[in-house]
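Next comes just one chain, in structure tokens: the form predicted alone.
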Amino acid sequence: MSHTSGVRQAQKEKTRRALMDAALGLLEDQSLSSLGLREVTRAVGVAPAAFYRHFRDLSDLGVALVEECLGSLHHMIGAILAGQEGDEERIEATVDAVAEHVRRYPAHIRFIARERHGGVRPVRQAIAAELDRFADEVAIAFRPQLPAESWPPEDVRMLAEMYVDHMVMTATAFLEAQADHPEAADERRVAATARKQLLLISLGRRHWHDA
């Protein structure tokens, strides 16, 4: 790649990043379906035509935000579930990871929470697909820890989906605690509740096939 091409590519990536960041900022108080393309380009200081060099439309930008947010989170959680030995250590590490992700990316988490059941279909589908992939990876992490004779694949998958749903719920709870009551005590309360809930799931997992 020539120096000129490299500079041009760097500028393109910078503009794409600026468009995504501007959209996130504007989505603090509105849904994606109500956001105007010109609002985004005005915030970045580029012509509306420049937007289409990076995204097909606003829903395409929304999908990119989904992939950016959830892509990094589910790989991290999958590694924790596969790498920790005991249930309590695994639960502690998972809750800590979700809390840190919310602290680092509050605007992304708010966007996911709002658009998961929002009015932009491609974004809803992208969120569902990422959570589905998340559940696949959690199931793969759990499978070696569960006896194959008593845990058929569909039950492992059901367990993984419960963990994923709980992670989404916990992330939303952390976000609300940080927004409404930024004191550390509220975040600790959310973390304690999340750990207890995951422990209940873990206890149920151990006795699932005793019923």
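If you're wondering where the values come from, they're calculated on a predicted model, not measured in any experiment. The numbering used is simple: start at 1 and walk along the sequence shown.
Beyond the structure shown, there is the form predicted together with the DNA, which is absent from this document and is the topic of what follows.
Exercise. Considering the DNA in the predicted complex, which of Leu58, Leu65, Ala171, Leu159 comes within 4.5 Å of it through any heavy atom?
Worked result: For this set of options, the contacting one is Leu58.
For this session: Work out which of Asp165, Glu28, Glu39, Glu154 lies within 4.5 Å of the DNA in the predicted complex, going by heavy atoms.
Result: That would be Glu39.
Exercise. Should Thr193 be counted as a contact of the DNA in the predicted complex, where contact means heavy atoms within 4.5 Å?
Worked result: Output for Thr193 is no: heavy atoms all beyond 4.5 Å of the DNA.
Exercise. Even though the DNA is not shown here, does Ala43 get within 4.5 Å of it in the predicted complex, heavy atoms only?
Worked result: The answer is no: Ala43 has no heavy atom within 4.5 Å of the DNA.
For this session: Would you check, heavy atoms only and a 4.5 Å threshold, whether Arg143 touches the DNA in the predicted complex?
Result: Because no heavy atom of Arg143 falls inside 4.5 Å of the DNA in the predicted complex, the answer is no.
Exercise. Even though the DNA is not shown here, does Ala179 get within 4.5 Å of it in the predicted complex, heavy atoms only?
Worked result: Heavy-atom contact with the DNA at 4.5 Å: absent for Ala179.
Exercise. 171-179, 65-73, 29-37, 145-153: which one contacts the DNA in the predicted complex at 4.5 Å, heavy atom to heavy atom?
Worked result: Result of the contact check: 29-37.
Problem set entry | Contacts with the DNA in the predicted complex - residues in 39-54 whose heavy atoms fall within 4.5 Å | Residues within 4.5 Å: Glu39, Arg42, Gly45, Val46, Ala47, Pro48, Ala49, Ala50, Tyr52, Arg53, His54.
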